[in-house]
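So this first bit is one chain, no partners, the form predicted on its own, shown in structure tokens.
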């Protein structure tokens, strides 16, 4: 069931799908959405002024997510894809209770996809996601539905990855050394499946693939999420009724738009026009979905 907006009306199928991440990583989800749902307009927001999220406290991340959702709701968007594992792990359940928007996260689709692939599951993610044990909990929850299976899960924090990716250092020796060091503990556990527990990490797939045995299956939660989202849009009557007519996307950031455009170009296949936006300053007493000026 689709939540109703404050006006009492549901979302319009012609509105865009909102996607947000701390920076560039959510573009991997953007690409999956564009491939599977080419008719849908997309609004992407990267919180580049505050990237990375991996070392932030849960309270900070919840505040950031509320600001982004309040801004997106005002655009408006018909639903939001939280294309950030850290936000999905630490804020998703809370904000789902606060906002009249369908909000989709990455953890459950990623866990389901991994369980369909193997039983010795490794996760590479930010420190915040690993500390939350969100993937381990989700895997345990789903495996409880099938007592015959006893999957195991090991999670590894990779704090260097996001800063290096955001700096455009995708082929640096430092990045390869970090990847080798972080994969080693998981390989020692003889994993058969690896979850990319951060939307930035599929950008490292060429390096990670070269360091993994061919038998290890790689899971991108963003691809799994988009597959389920495509079905939900049809069930809810939210598919865009039209056909693709040129580019239907908007890119916004909290930081430097020119820098984001330059770094995003290789992954998008075109140079995006990027807007810098100011997020609403929510006061502690302000209910989610409003700004100080609206009180």
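Predicted, not measured: the structure shown is a model, and the values here were computed from it. Residue numbers count along the first chain shown, from 1.
Although it is not shown, the form predicted in complex with a small molecule is what the next lines describe.
The closest non-hydrogen atom of residue 139 lies beyond 4.5 Å of the small molecule in the predicted bound form. Among residues of the shown chain, residue 253 is not one whose heavy atoms approach the small molecule to within 4.5 Å in the predicted bound form. Although the partner is absent here, residue 162 lies within 4.5 Å of the small molecule in the predicted bound form, judged by heavy atoms. In the predicted bound form, none of the heavy atoms of residue 68 sits within 4.5 Å of a heavy atom of the small molecule.
A heavy atom within 4.5 Å of the small molecule in the predicted bound form is found for exactly one of 260, 45, 53, 30: 53. Only one listed stretch (70 to 78, 177 to 185, 84 to 92, 149 to 157) carries heavy atoms within 4.5 Å of the small molecule in the predicted bound form, and that stretch is 84 to 92.
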